[in-house]
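Below sits a lone chain in structure tokens, taken as the form predicted on its own.
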């Protein structure tokens, strides 16, 4: 069996699954996994709301894959800057891009540029402690809108509506807790273009929304006419049935006079973000032929993600993905995950997606050109020559332990498992410390 060297860029679930599947299906392979961030796990660490305990199970699974030693992790390495395509070809037989989709999809309506109009992806990065976003967020609005009917929209709405003290049991950084603590929000409105029978949430996300302390869920009877949900309709699944039962239970629930309210609106087509003096003051929608306006001071667009172009790699500007067929991009170049198929699907889709890419890669092995400098030491030497302060798996274990210690040292009424380190340079310093 031919000895194989493969580089993977993107250490989120897509990249880790691809590496693990490749290591299991091709015995004589050496895999180096690179990420632009100092820490691994991608959107699991920086794109999922911190109050999702089930995410911990996914992290544990990804940890086991990297801790096995079959895949070598190197963080704080950016493709196109620290390692270019010509470098990759010189050191590896093949490369897989699993860089995901982290930008917000565009909403082309008037007023989207106003102050107070935000992309949900940026807000998610802030409350997840992403090292490349500002430490503060302008949480000054009392009435807020979230546009979208997917899980990200629910995450954003829940974090906005939730009392900051209820987030202390999570791994949110100190600056995020301080920002949420000062928020004066009273009402969070979630607007969807579809009807309630066509929402794109998952049942567990929807159920969690109704369990937030001191927050009333507000539904509007006009959105739920007699027979609004048909259990026997084509395409209806058990998930749809569960969500319908949840919504019906909320319709019957008496309001508890909570300090904050979370409103769910349906059949609302965005028309224009309204403003005065460059600042958001409201939003106009069309609902079944009727124009409606709502007074608002902030709007979060959670209508989907969009992939980022990579230097020298063919890109589909319309779909926001690397141009590919079954994960094949060009000889020796592959893609997997959201940057391959677009920002849709859950973890299960990511695994099957990686399987397809790896199957095609393995079938192409005989066509690969041998790299001129195939030793890992040569790659690391190149990074050092360029002044790249890369991290590795042992470094992540140090950073992980440091964050756990910050959590255990927290002085307060709530036990904290972890407190995230936000600053990139601090993450690198801790990861590369020799006296840890």
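Small disclaimer: the values here were computed from a predicted structure and weren't measured. Residue numbers count along the first chain shown, from 1.
The same protein has a further form, the form predicted in complex with a small molecule, not shown here; the description that follows concerns it.
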property: In the model of the complex, residue 76 touching the small molecule (heavy atom, 4.5 Å); result: no
property: Interface membership of residue 300, the small molecule in the model of the complex, 4.5 Å heavy atom rule; result: no
property: Touches the small molecule in the model of the complex: residue 382 (any heavy atom, 4.5 Å); result: no
property: is_contact(residue 406, the small molecule) in the model of the complex, heavy atom dist at most 4.5 Å; result: no
property: All of 55, 155 and 346 with a heavy atom within 4.5 Å of the small molecule in the model of the complex; result: yes
property: Stretch in contact, per heavy atom within 4.5 angstroms of the small molecule in the model of the complex, of 311 to 319, 338 to 346, 325 to 333, 258 to 266; result: 338 to 346
property: Heavy atom within 4.5 Å of the small molecule in the model of the complex - residue from 242, 362, 133, 107; result: 107
property: Heavy atom within 4.5 Å of the small molecule in the model of the complex - the one residue of 181, 253, 84, 194 that qualifies; result: 194
